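Next comes just one chain, in structure tokens: the form predicted on its own.
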């Protein structure tokens, strides 16, 4: 799947969780990605972040950084 599509999908998820009245949006986004995204999609979005993460909204960037750190990746 192209990175642009993953970014768009992740940002849509991020907008949903950012609109929730309470809670940690990056944690909720990361949890959603963990539960519902195929491992290949998660690896691809982490790789996109490692390439600079163009287009990722701030809470989504933070969520993907969490995923990256859980899998032992170093991000920018």
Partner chain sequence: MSEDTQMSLIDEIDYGTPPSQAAEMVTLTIDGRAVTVPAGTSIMRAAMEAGTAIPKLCATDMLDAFGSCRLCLVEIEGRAGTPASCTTPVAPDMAVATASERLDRLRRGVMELYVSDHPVTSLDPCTLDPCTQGDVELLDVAAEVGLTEVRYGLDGARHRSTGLDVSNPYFMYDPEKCIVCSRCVRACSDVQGTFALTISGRGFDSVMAAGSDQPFLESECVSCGACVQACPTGSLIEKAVVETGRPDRTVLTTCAYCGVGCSFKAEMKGDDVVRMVPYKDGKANHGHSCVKGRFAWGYTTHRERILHPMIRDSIDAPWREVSWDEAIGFAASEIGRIQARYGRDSVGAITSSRCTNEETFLVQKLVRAGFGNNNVDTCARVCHSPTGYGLSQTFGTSAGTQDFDSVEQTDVMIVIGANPTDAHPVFASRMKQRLRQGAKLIVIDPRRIDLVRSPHVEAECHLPLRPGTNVAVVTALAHVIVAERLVDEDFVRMRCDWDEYQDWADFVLRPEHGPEAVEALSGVPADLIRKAARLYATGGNGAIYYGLGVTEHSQGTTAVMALANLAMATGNIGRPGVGVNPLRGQNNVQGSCDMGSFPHELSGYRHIAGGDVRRLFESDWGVTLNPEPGLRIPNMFDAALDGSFKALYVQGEDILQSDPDTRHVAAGLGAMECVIVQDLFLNETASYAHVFLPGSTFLEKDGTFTNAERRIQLVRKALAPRNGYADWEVTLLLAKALGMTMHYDHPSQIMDEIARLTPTFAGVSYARLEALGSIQWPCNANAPEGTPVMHVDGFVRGKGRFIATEYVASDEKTGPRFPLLLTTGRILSQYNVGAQTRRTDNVVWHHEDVLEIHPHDAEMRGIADGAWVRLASRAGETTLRAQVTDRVAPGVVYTTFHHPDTQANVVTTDNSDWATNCPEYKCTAVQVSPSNGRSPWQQDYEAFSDRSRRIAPVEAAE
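Quantities reported herein were computed from a predicted structural model and do not represent experimental measurements. Positions refer to the first chain, counted from 1.
Form predicted in complex with its partner chain: not shown, discussed below.
*How about residue 13: is it within 4.5 Å of its partner chain in the model of the complex, going by heavy atoms?*
Yes, residue 13 is a contact residue.
*Might residue 42 be said to contact its partner chain in the model of the complex, defining contact as any heavy atom within 4.5 Å?*
Residue 42 belongs to the contact set for its partner chain.
*Within 24-42, which residues come within 4.5 Å of its partner chain in the model of the complex, counting heavy atoms only?*
Result: 32, 34, 35, 36, 37, 38, 39, 40, 41, 42.
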